[in-house]
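Presented as structure tokens, the chain that follows is alone, the form predicted on its own.
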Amino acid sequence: MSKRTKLEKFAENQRLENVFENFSYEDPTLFVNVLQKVDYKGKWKSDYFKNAKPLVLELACGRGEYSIGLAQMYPNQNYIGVDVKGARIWTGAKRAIDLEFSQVAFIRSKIETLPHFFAAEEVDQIWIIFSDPFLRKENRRLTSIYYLDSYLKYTHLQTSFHLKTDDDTLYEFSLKTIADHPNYEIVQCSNNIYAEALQHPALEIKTYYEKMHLQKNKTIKYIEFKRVK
């Protein structure tokens, strides 16, 4: 069977029940297909996942490898991977369906729109895995003050955050912005997770890009932080 093109993946996303898409950033509305709008804000657990289990987001999820890996390690949680790349999300969504992981879903949208889709205190955990370090655009980094402020709109005081990166600049930048932000506190950090005991069991999950980084002898960094206000 020939590989699907990007356009074919985009079209199939619109038929997958575990993929929700925002087609216009000026109109922050989610669709489960081209015609059917959905609004699960404040109701993801009760109305979509049909349970009261913790809700975990993977931001800039790519192929959703961490969402899938976390679901395998911790099946008693709900997971939503978020990314703007439809072809990548297709890969994760199909994988979740193949594994019959009903606790995994995906949103194709900019991360800036998430306050429109999640209610105050709705999200229990956030993972940021090898996100773009945006070396020339600090404000676009997912640990910039802009994003840290944005997360406050849909998290709570028990929400934990986990950043995993190979990039020294993003790691050092994140340490500073998190430490300087009055609403957050760093729980633990490491500039080389494989040089010491892993600080979280889920750090054992290795994405496609992490394997590439390790082959190039890059060190993998990690920051766990939490809301305190």
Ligand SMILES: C[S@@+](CC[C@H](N)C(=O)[O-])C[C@H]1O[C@@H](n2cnc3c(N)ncnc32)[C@H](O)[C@@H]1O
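Quantities reported herein were computed from a predicted structural model and do not represent experimental measurements. All residue numbers refer to positions in the sequence shown, first residue = 1.
Absent from the display: the form predicted in complex with this ligand. The rest refers to it.
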* To do: Would you point out which of 68 to 76, 94 to 102, 117 to 125, 130 to 138 contains residues with a non-hydrogen atom within 4.5 Å of this ligand in the predicted bound form?
  => 130 to 138
* Using the partner position in the predicted bound form, report whether Leu57 sits within 4.5 Å of this ligand, counting heavy atoms only. => no
* Asked: Taking heavy atoms and a 4.5 Å cut-off, does Lys110 contact this ligand in the predicted bound form?
  -> yes
* Should Lys85 be counted as a contact of this ligand in the predicted bound form, where contact means heavy atoms within 4.5 Å? -> yes
* Heavy atom of Leu163 within 4.5 Å of this ligand in the predicted bound form -> no
